[in-house]
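Single chain ahead, by itself, as C-alpha cells, in the form predicted alone.
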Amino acid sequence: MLTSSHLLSSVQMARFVTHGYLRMDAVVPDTLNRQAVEVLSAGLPAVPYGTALPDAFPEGSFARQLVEVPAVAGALRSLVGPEPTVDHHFVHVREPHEGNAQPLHGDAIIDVRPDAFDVQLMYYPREVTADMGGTLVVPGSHLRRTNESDTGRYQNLLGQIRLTCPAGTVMLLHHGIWHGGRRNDSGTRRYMYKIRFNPTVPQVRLWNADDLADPRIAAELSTNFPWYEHATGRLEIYNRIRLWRALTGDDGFDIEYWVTRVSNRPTVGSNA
C-alpha cells in the first residue's frame, strides 16, 4: 500500500525541478528484473495514446507490477498525480557492438506548457556498465526550449552524465530533458523500457510537502550547471522559480527577487 513515506519530499521535488530527473538505483526487485528480459524481448502490446493507467496495464502484467513498486509508485504520484494516463511505451534495445548512438535530443518539445510537464519513466532491468553505453542526460536542460533534435549537433557538454547503474534502476525524467542512447560497445544486449505519463490533475503539492519551508529548497533551485553560459544560464533559475510557484501554488515564492522584479505590470492610468 502506498504511504506518505513513499512520496517525494519538497527537497526532492526541488531537485527534480532543477536537474530535470530523479534517479532511483536498484529499486525494482530481482524477481521482476529476471522476468523483465524475457517479457521485453518478446515485445509488449501497444497502448493507445491517453489510456488510463489501469486500462493500459492490466492487473498482474509486467508493466503494472513495475509501476506499483512502492518507490516508483510514490515518485510517480508525487510528480504526475494519482490517475495519470499513458501517452505511450516502448522497449529500447541496444545490440552488442551496434556501432551507433542516438543524437542528443528532447522528446516532444512542441509541448511548451510552463506550468505542467509529462514524466518519462526509464527502467533498466540489467546492470549498465560503462562499455554498454547507457543513456546520456544533460542535467538542467529540460526548461531550455528546443525543437526535438536541434541539439543533435552537440557531441559533449560539460557536466553531462552517462548512466551506469545496477539492475533494477529507474529514472523519472521531465519530458523536456536533453538525452540520447549511447552506443553499446559490450558483448551484452542493453535493455531500457520507457513509459511516458501525462498528468490528469493539476500538479500542485502532490508530494509530501511537510518540509516546504526547508532552506535547502532555495539552494537546490539555485544550482548552476557547468554547461550553462554565464548570462543566459541565469534564465534557468528564473524558469525554475516560475515552475516551483506553479507546483506549490505559492505565487510569492522567490529567490533573491529574481522573478518579483520583473512581474509588475503597470496599467494605463495607474499613475492617475
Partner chain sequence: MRQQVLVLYLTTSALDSAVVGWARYDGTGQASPTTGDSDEPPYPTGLAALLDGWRLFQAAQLIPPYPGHEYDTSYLKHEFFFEKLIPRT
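Positions refer to the first chain, counted from 1. Here the structure is a predicted model, which means the values were calculated and not measured.
One more form of this protein, predicted in complex with its partner chain, exists but is not displayed; see below.
- Note on the interface: of 94-102, 196-204, 68-76, 169-177, the segment with non-hydrogen atoms within 4.5 angstroms of its partner chain in the predicted bound form is 94-102.
- Taken together, Leu143, Thr146 and His230 are fully in contact with its partner chain in the predicted bound form: each brings a heavy atom within 4.5 Å.
- Contact between Tyr191 and its partner chain in the predicted bound form is not found at the 4.5 Å heavy atom cutoff.
- Its partner chain is not shown here, but in the predicted bound form it comes within 4.5 Å of a heavy atom of Tyr238.
- Contact between Arg182 and its partner chain in the predicted bound form is found at the 4.5 Å heavy atom cutoff.
- Proximity of Gly60 to its partner chain in the predicted bound form falls outside the 4.5 Å heavy atom cutoff.
- Put simply, of Glu127, Asp131, Asp107, Asp150 only one has a heavy atom within 4.5 Å of its partner chain in the predicted bound form, and it is Asp150.
- Contact with its partner chain in the predicted bound form, defined as a heavy atom within 4.5 Å, holds for exactly one of Leu121, Val80, Val86, Leu136, namely Leu136.
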